[in-house]
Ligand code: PXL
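In C-alpha cells, the next block holds one chain alone, the form predicted on its own.
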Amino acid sequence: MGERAVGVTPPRVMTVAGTDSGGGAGAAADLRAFAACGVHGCLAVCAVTAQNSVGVHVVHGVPPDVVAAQITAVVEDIGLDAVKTGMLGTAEVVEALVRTCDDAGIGGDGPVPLVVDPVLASMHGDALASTAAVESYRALLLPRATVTTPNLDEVRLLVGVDVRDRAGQHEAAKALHDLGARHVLVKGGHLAGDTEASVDVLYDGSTFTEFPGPRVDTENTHGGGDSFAAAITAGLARGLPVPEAVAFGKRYVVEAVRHSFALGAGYGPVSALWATRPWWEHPDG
C-alpha cells in the first residue's frame, strides 16, 4: 500500500467572476489569494476576457443559466463557507446569481457570507458592466451583501458620491449601507489627499472603523481590489467576524502590493508569491 495522504480539508470558498487572460486580476487573482490565505477556491466563470497589462480587448459573457449551474453544482456536492463576486457583466447574470444565492442560503440572512466586490470597470477605464447591471447591483445584489468593497470609481457609479476626503468616504458608506449591505468597506487607495497612508473605512450601520496601511511606490497594482476582497472572503470562511476579516484582508493585500512586479508594457499585478514558501528550494520538505 502506498503512502497515506495527510491533507485536511480547508474552508471552501467560491469566486463568481470573469477571467483575465493576462493572469493579473479577476478569477486568477482571487484563486491565488484564496490559496495564499489557506482556503480551497472554487470558481463560477461569468465572462471570458481577452486582456493584458495594457487593457481589455474582448469580453465574452457566459449565459446566466450556466453561471447558476456552476454555483449549484458546487453547493450540492462540495459546499461553501463563503462566496465572493467579481465581474458579473450583465443584469441577467446578476439576477441569476441572486436567485441561486437565495436558494443556497448565500448572503442576506443565510448562513454563508457573501462579499460583493462591485467590479464595474477595469483599472484602465474599460467598462465591465452594463448600465442595467449597475442598477441590478443596487436593487438586488447589495441588499444581500455581508460586505461590499467598492473603490472610489465604483462608489461614484453606485451612489453618485464623489469621494475626495474621509468625510466623503463616510458619506458614501452610509449611502451604500442604505441600499441594504450589512457592512460597507469604502477603499481609499485612489484617494488623492492621502499621500502617506491608504485608509479604508468600514461601516456597519452605526460605527466607522478605519484600516490604515502604507502607500507603496508602485504602479503595479493590477488585481489589488480583487485580491483584497478575496482575502476578506477567506477570513470570513475561516470564521472571523467582519472587522477581523477586513483586517486579515488588509494585511494580505498590503504585502501583495509591496511585492508587486512589472509584467508587460502596462500595469503589473500584485503578488501572492510573498505568502508562498518556495518548496522547490527545499526538496526535503
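Please read these numbers as outputs of a predicted model, since none were measured by experiment. Residue indices: 1-based, along the sequence shown.
The form predicted together with the named molecule is left out here; the points below concern that form.
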Q: Select, from the options 61-69, 215-223, 254-262, 36-44, the stretch whose residues sit within 4.5 angstroms of the named molecule in the predicted complex by heavy atom distance.
A: 215-223
Q.
Only one of 100, 122, 198, 90 gets a heavy atom within 4.5 Å of the named molecule in the predicted complex. Which one?
A. 122
Q. Does at least one non-hydrogen atom of residue 13 fall within 4.5 angstroms of the named molecule in the predicted complex?
A. no
Q.
Please determine whether residue 19 contacts the named molecule in the predicted complex, using a 4.5 Å cut-off between heavy atoms.
A. yes
Q) Should residue 235 be counted as a contact of the named molecule in the predicted complex, where contact means heavy atoms within 4.5 Å? A) no
Q | Contact test in the predicted complex: residue 249 vs the named molecule, heavy atoms, 4.5 Å | A | no
Q: Kindly confirm or deny that 26, 51 and 128 each have some heavy atom within 4.5 angstroms of the named molecule in the predicted complex.
A: yes
